[in-house]
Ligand SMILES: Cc1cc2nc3c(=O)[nH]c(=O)nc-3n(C[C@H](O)[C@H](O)[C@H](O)COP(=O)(O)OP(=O)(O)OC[C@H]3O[C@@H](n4cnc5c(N)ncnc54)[C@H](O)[C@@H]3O)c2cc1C
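Quick setup: one chain, the form predicted on its own, written in C-alpha cells, and binding and motion questions come after.
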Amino acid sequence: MSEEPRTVGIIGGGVAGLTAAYRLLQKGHRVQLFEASPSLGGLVRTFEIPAGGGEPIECFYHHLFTTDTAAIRLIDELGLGDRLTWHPSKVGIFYDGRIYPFVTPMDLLRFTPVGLIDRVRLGLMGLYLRRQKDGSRYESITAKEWVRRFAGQRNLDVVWGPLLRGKFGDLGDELVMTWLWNKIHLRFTSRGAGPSQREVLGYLRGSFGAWIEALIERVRELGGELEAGRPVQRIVADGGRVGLELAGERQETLFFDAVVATVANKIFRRIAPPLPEPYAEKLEGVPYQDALCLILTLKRPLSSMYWLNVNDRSIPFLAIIEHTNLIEPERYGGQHVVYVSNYLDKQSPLLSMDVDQVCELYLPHLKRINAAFEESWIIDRWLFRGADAQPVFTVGAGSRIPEHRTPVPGLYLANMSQIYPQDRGQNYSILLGETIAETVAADLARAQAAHSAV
C-alpha cells in the first residue's frame, strides 16, 4: 500500500518560494504556499504603463547574464525560451559632471578622472580577480582595504569607493572582499572574448513576470495551493510537525510534515518558535537594505547608457537604469523608461517619502546628468519600495550564514542571506528554491523510510 504524500507549507511567494513549491510538487509532495502581500512574485512583480501598448514591465529592473544558467533553464522548461532575447549592454559612470562609457578596455583607457598608471592598475585588478577561482581567501579583508592595496587610493576614491557607498551606505566600508571578487568574476565571465569584451544581457519579451505567471500556472496544475494575502503570524512546533498560524478573516493553524520559510532573517526570527542562541545570532549577522525605485516614462532618452553608475556622493541616488536603452521603446508606446535606483538603510527618510517628494529631491540631479533635461519630458512616474531587498555581507560573513535546516525539526529557512557570496537576483533565488526542495525531499524520504521500517 502506497504512503500518503507528505505535506509541505511554504511561507513566501517570491521566486524562491514558488520554485521550491514547483520542485516539491514534481517529487510528489502536497504543497500549500502562503504570501502576505496581495500578489505573488516578490521583487519580480510587474505593472502596465498607460499608453504603453499593454506590455507589462517590472517594478524593479531585471535582466539576466549569460552565466544565469538556472534562470535560462527554468524559462526554457516553462516553454518561454523563444521569448528570451539578448542585447548588448551599455554601462557608464557619471563622475565630476560627465558621463564616461565603461564597457570595453578602450573605455577604461579613456577614463581620464584617474591617471594612466591608475587606469592600468584598475584594468589589472579586473583581470586578476577574473582568474581567481576561490573567493574564500578574501573573507578576512574588506573590499575597501583590498582595492586600496591593489588598485590604489585614487581608484578607491573615484571608482570603487563611491560605488560601494552608494550601494551599501555606511556599511560599504565594511563590505567583505569576497562579495566584490564574486561580482567582478561573474561580470567578466558574462562578457565575450577579444578586445571589445562587450557584455550582453537577457530580457524576456512580455517581462519577467511572464515566467512567474507560467510557473504559478504550472504549480496549480500540479495541485499546489497558492494563497496571496494570507500572512503567517506564527510558526509553532508540536509533536514533530510544524504548524502555521494564519492571519486574516480565516484565522486557523495548519500543520505540515515540513515548513519552508523564504522570508528575511528578522521576520523569520519574529515568527519562529524559540531558537537556540547560536542560530539566532546568525539570523542577526546579515543586515538588509530596502530598495527604492522611482520609475519615469519620458518623451526622450535621458542618456545613451543602459546602466549608469552615479559616482557622485552629492547625488541622492545610486544608479540610473534606462530600460529602453536595452529594450526598444516601441514596446512601450515609444516612451522611454527610466529607473532611478536606491538601496537604503531602513531608517532612511527617503523610505517615508511619497512620489512627489522623491521627484522634488531627485529631478534637479537628473539635470546635472543631462543639462537638457526638463520636467516637461516626464509623461508619468511611479515609486516602488522593496523591503529587505539587499543583504549586506560584511567581513566574516561566510561563517555567519544560517543553515537551511533550522534547530526546529521539520522547519527550514531559504532566503537571500544564504546565497552568499551572491546577494540577489532571479537566478540565485531559483537555485535557492531548488536547493531547499532537494533538502526537504531528501529529509522527508529518510523519515518515511525510517517510519516504514518500524
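Model, not experiment: these values are computed from the prediction. Start at 1 and count along the sequence shown; that's the residue number.
There is also a form predicted in complex with this ligand; it is not shown, and the following applies to it.
>> Check for me: heavy atom within 4.5 Å of this ligand in the predicted bound form, for each of Lys144, Phe317 and Gln422, yes or no.
In response: Not one of the three qualifies.
>> Considering non-hydrogen atoms and a 4.5 Å limit, does this ligand approach Ile11 in the predicted bound form?
In response: Flag for Ile11 set to yes.
> Should Asn265 be counted as a contact of this ligand in the predicted bound form, where contact means heavy atoms within 4.5 Å?
Replying inline: Asn265 lies outside the contact set for this ligand.
>> Would you classify Ser37 as touching this ligand in the predicted bound form, given a 4.5 Å non-hydrogen atom cut-off?
In response: Yes, Ser37 is a contact residue.
> Within a 4.5 Å heavy atom cut-off, is Val15 in contact with this ligand in the predicted bound form?
Replying inline: Although this ligand is absent here, Val15 would touch it in the predicted bound form, with heavy atoms inside 4.5 Å.
> Which among 217-225, 367-375, 230-238, 95-103 is in contact with this ligand in the predicted bound form, heavy atoms within 4.5 angstroms?
Replying inline: After filtering at 4.5 Å, what remains is 230-238.
>> Please tell me which of Val392, Ala70, Leu43, Leu411 lies within 4.5 Å of this ligand in the predicted bound form, judged by heavy atoms.
In response: None of the others qualify; the residue that does is Leu43.
> Looking at this ligand in the predicted bound form, which residues in 44-68 have at least one heavy atom within 4.5 Å of it?
Replying inline: Contacting residues: Val44, Phe60, Tyr61, His62, His63, Leu64.
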